[in-house]
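Below you'll find only one chain, the form predicted alone, shown as structure tokens.
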Amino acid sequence: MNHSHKILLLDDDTDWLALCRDLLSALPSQPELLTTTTAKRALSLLETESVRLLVCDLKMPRMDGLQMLSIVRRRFPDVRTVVLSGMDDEDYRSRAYALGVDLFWPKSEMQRDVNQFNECLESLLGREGETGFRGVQSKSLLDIIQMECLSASSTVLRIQRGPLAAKLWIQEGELTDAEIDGVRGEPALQRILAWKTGSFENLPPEPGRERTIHKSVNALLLESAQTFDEAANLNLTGSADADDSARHQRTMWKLSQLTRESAEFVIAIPPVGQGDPDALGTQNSAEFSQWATHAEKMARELGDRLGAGPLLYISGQGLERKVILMPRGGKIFLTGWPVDADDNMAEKTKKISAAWES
């Protein structure tokens, strides 16, 4: 049978792969289902097969899901990606969306509502230019907007929450207008971003729409995150909800700063014995932190021998990315950048580290 699309399922659990094959066999478009238990094999299949959609776990040996998704984003930008993970964690969710994934679903939610999950996959399998729902899942509008802008999309997001409906206009990755109940611009955007649940639909772009929002999307997201954080502190001080809300908003604040500067990841490494590294954009924090700590020590020792003065930063470049290692405020900050990043990585790392500690 000839299938219009192919879905690649990647998970190191063979039983889960078999279950997924059974559940996804009910997809109306009847796509061809490919399965593998290793990221290496998945990359080989992406090279040789015309895969439309990758469904990927996060926690896997050797190469974790976030690293896999980062490679797919660079090498196979047309492949749509879905994270299907047993870890329903806001930090992992934010990291995944920072890499540009289309959907993030906890495995438990997928099993509870297979029909809804399949509807989301069907919409992602649709041909370019088709309208329709790309997804209805547990992620905030901050996540959705950032995902669309990171991919430099041109679209109109129609957001529905019960009887309420709103629209956001995005043109070439810039948020240009928002409207709800006759209110437009930033006031409308702030009302829309307060929604915690709902569904969204991608409509065709409207390039001729009058622009009412002129701030960058990152500035708007930062302002919203700060506003929500202040509201949480006022209304929920001392509660578990307050801690969860504040933690999520801090993550969003850091994520917005990371994407504003176009960095791929950042790791803040405290002195030995003073806590664990704090990372965003990569799951390999332990390995990277060990390398960064060793590199910083060797550079300082070399600087002392040469009488070169204090260490400002170390820069390096590999096949897949550039890195900057910078001591700041008693910590070591390691930032990763695309290979085509400009020469201002050191200054941008200073900005990221300042925002990290604010």
Partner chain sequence: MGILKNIFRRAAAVQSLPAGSLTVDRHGAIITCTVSSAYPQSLLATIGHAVVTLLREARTAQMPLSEISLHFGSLHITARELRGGAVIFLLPQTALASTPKTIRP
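Since the model is a prediction, treat every value here as computed from it, not as a measurement. Positions refer to the first chain, counted from 1.
The form predicted in complex with the partner chain exists for this protein as well; it is not shown, and the discussion that follows is about that form.
- Remark: none of the three candidate residues (Val72, Arg328 and Ile332) comes within 4.5 Å of the partner chain in the model of the complex, counting heavy atoms only.
- For Arg321, a non-hydrogen atom is located within 4.5 Å of the partner chain in the model of the complex, even though that partner is not displayed.
- For Asp340, no non-hydrogen atom is located within 4.5 Å of the partner chain in the model of the complex, even though that partner is not displayed.
- Although the partner is absent here, Glu287 lies within 4.5 Å of the partner chain in the model of the complex, judged by heavy atoms.
- Residue contact with the partner chain in the model of the complex: Leu312 places a heavy atom within 4.5 Å of it.
- This chain is displayed alone, yet in the model of the complex one of Leu43, Leu27, Met60, Leu33 has a heavy atom within 4.5 Å of the partner chain; that residue is Leu43.
- Along 296-314, a non-hydrogen atom within 4.5 Å of the partner chain in the model of the complex is carried by Met298, Ala299, Leu302, Gly303, Arg305, Leu306, Gly307, Ala308, Gly309, Pro310, Leu311, Leu312, Tyr313, Ile314, in order along the sequence.
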